[in-house]
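Shown here is one chain on its own, the form predicted on its own, set out as C-alpha cells.
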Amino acid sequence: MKVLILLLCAVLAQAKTVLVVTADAPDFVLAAGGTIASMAASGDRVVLVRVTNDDKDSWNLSAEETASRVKEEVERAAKVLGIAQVHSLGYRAGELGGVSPTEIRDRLLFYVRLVKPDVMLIPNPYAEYVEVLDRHYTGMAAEEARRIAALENHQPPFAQAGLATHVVKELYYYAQPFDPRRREAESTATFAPQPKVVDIASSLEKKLRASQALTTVNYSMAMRIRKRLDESGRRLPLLDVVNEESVRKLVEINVRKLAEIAAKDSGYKLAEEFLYAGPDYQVPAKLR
C-alpha cells in the first residue's frame, strides 16, 4: 500500500495543468484531440476555453438552435478526451474580426491567470491555408495573453482579485496539416517555435469518438460537400444518402487521413503536428 501511495504521489507531482484555447468546436479536436487525450490520460488536468459559439456551422437550423446544440456536443467531445472543464466566451462565429483584439486577449488572460497552466495549446495564427479567420484572431489573442500573463502591469485589477501573474512554460501552436510549409522552422529554437510531431496511435480512437460527438457540425459538413458535388456534377457514393451512418464514416475518414498526413516522414503511423515553444524558447541553454 505504501508503494502504491508513493507511486501515486510521484505521478501527481509530474502531472501538469494544460489550457487549450480554441476558436471553434471542430478545430481543437481535429488538430490536437489525440495529444489532448494523451495528456489527460497521463494525469494532466486539461481545461478548455472556447472563444466562439459556433452559431453559423449547421444545416437548416437557426443560429440560436445551432449554438445550443454545439455547446452540448463540445462538452460531450471534451469528456471523451478527458478534459476537466469547458469555458465558453460566447462570441458569435465568424465575427471576431469586429471585436477588439485587446478585449479577446484580456478575457483569455483572465483564464491564464486563473488556471495557471504549465502548458498551453492554441491555434497557430501564422498558419497558411486557414479559411476560418476566427482561428487567426483567437491564436493572436491567446499568444499575447500567454506572454503578458507574466507582466504585473497588465490588468492590475486581476491581481487585486487574487489572480497573480503567471509564466506558461510550454506552448503548442496547432493547426490542421494543410500548409505545405508547416514544418519549416523559421530559426533556431532560441528565437522561434520549432516543428514537433506527436504520436497519437494510442489515442486516435478517443479523438475519433470526440470528433463524431460534434454531430451538428459534422452533418453540416456532409451536406455542404454533397451540395458542392451536386452542383459540379460529381458523385461521392458515401454521401448518396446523408444519414448518421454516412456522416460518422465521413468523419472517421477525415480524422484518420489527417493523422496519416501529419505522420508522414515522422516514423509514426498516426500523428499530430505542432509548432512548439518550450524552455529553450524562453531561456536559451547557454544562459541556463
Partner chain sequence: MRVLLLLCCAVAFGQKLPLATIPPGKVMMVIQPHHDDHTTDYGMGGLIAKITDAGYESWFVRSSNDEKDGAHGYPHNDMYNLRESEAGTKILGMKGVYSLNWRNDYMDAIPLQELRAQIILLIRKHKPDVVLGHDPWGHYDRNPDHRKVARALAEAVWMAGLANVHPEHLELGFEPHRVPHLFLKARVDYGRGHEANVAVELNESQVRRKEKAYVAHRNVYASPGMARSVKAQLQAEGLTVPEFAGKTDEEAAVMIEEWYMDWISRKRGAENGVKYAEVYWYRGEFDHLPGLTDYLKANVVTR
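The structure presented is a predicted model; accordingly, all values stated were derived computationally and were not measured. Numbering follows the first chain given and starts at 1.
Although it is not shown, the form predicted together with the partner chain is what the next lines describe.
S.K.: Any chance all of E72, G82 and V86 sit within 4.5 Å of the partner chain in the predicted complex, going by non-hydrogen atoms?
M.R.: Answer is no for this spot.
S.K.: Examine I225 and determine whether its closest non-hydrogen atom to the partner chain in the predicted complex is within 4.5 angstroms.
M.R.: I225: contacts the partner chain in the predicted complex.
S.K.: Taking 4.5 angstroms as the cut-off for heavy atoms, does S38 touch the partner chain in the predicted complex?
M.R.: Flag for S38 set to no.
S.K.: Although the partner chain is absent from this view, report whether R182 comes within 4.5 Å of it in the predicted complex, heavy atoms only.
M.R.: Heavy-atom contact with the partner chain at 4.5 Å: present for R182.
S.K.: Please tell me whether any heavy atom belonging to R45 falls inside 4.5 Å of a heavy atom of the partner chain, as the geometry stands in the predicted complex.
M.R.: Outside the cut-off, so no.
S.K.: Which residue, H154, R209, H136, R105, has a heavy atom that falls within 4.5 Å of the partner chain in the predicted complex?
M.R.: Selected residue: H136.
S.K.: Answer with one of V132, V115, L204, V197: the residue that has a non-hydrogen atom within 4.5 Å of the partner chain in the predicted complex.
M.R.: Flagged contact: V132.
S.K.: Tell me the stretch among 154-162, 121-129, 141-149, 107-115 that has any heavy atom within 4.5 angstroms of the partner chain in the predicted complex.
M.R.: Careful reading of the contacts points to 121-129.
S.K.: For 207-236: residues with a non-hydrogen atom within 4.5 angstroms of the partner chain in the predicted complex?
M.R.: Stretch hits, in order: M221, R224, I225, K227, R228, L229, D230, G233, R234, R235, L236.
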